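Next up: a single chain in structure tokens, the form predicted alone.
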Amino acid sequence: MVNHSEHNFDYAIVGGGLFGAAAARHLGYQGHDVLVFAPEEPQERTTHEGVFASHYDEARITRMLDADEIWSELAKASINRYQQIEIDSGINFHHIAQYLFLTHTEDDSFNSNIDVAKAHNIDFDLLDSSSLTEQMPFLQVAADEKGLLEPSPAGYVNPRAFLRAQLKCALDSGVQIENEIVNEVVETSNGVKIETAEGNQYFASKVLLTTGIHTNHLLNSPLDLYIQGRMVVFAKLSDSLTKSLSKMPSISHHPVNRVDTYLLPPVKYPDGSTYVKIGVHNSERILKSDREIREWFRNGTDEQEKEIAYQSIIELIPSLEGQPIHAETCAYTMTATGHPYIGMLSSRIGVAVGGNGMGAKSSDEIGRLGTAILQGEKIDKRFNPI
């Protein structure tokens, strides 16, 4: 074991995902001496023995429209910083594609979205089914459906590129990044000792845990979190379909008597193919142990959920019927409040966890708030860990 006691960092961040990378950038820009533990993405999921992020992907919806004012505020603050992060890092991750909230006439969340948008000065267009069909002929919109269309800068972010951009900014500001897995965090009278799976010890005055699905494995007193195993389905596009769907926005769809879904527009993936991604909100799958989490990421599958996603996507976009599809697993870190937990658990250890399936777009502000609580600032009490 290598003991790095000769160097006591101001702050250590455990977890190098989107929340942790954002926190690292903010602390680095403030001139602090910062250490980040950021294990790299697994090269082979089925045999990986280390930690997993919630999902490794090329596209997540970004939007300010929301029925929940807290999520809207978090998103707005984050999105307003995207451009500067891209400039500072030289890495583009934000793609303008608009955002469509498509729902039926009896959905109460429709008016909630409008109320929050008006309160926070968020632009949107209100579209009936005829207008939707005219503007987006590739969609099969029911007569009783209506939509809220949010313009630029809504669309999607590439989370892998977003992460690289945040970490590059952090590195450029002097932050130290270690590709190590943290096994234990121990608070002492004068700081925090951090032990890694690689057999090293590090020391910091304060620590922020941005460890998502693995958070409770590092705590003696677990937070009120639960991990929900989800699937996402990808429909592979031909060149002609890619062209015909080129104006497709990011979409949240709440149909009558069917499962709620979200869809990403055509995105080119590392394998060279272009896909439309769809996620469904019908899963009650709770992963109760570290073993279950790892098994879900390595070998998880649910043919029924895959079929539900497929039927949902072809009912909304009929031209996708018959296209090759495949599924991947992901996991949501869910909180009892439905909002992120951001707060101090002791005088030296804080957390910023709980994306609830919506954290990517808002990650920069969640990370910033994590740095704020480390430095003794008061933030909205609705983020307090339970």
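One rule holds for the numbers: they count along the sequence shown, beginning at 1. Nothing here was measured: the structure is a model prediction, and the numbers come from that model.
The same protein has a further form, the form predicted in complex with a small molecule, not shown here; the description that follows concerns it.
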query: Heavy atom contact within 4.5 Å of the small molecule in the predicted complex, the stretch among 26-34, 313-321, 56-64, 341-349; finding: 56-64
query: Single option in 181, 219, 91, 114 placed near the small molecule in the predicted complex, where near means a heavy atom within 4.5 Å; finding: 181
query: Proximity to the small molecule in the predicted complex, single hit among 293, 232, 248, 148 (heavy atom within 4.5 Å); finding: 232
query: Close approach of residue 370 to the small molecule in the predicted complex, 4.5 Å, heavy atom; finding: no
query: 4.5 Å heavy atom contact, residue 12 to the small molecule in the predicted complex; finding: no
query: The small molecule contact in the predicted complex: residue 262, any heavy atom under 4.5 Å; finding: yes
query: In the predicted complex, residue 206 touching the small molecule (heavy atom, 4.5 Å); finding: no
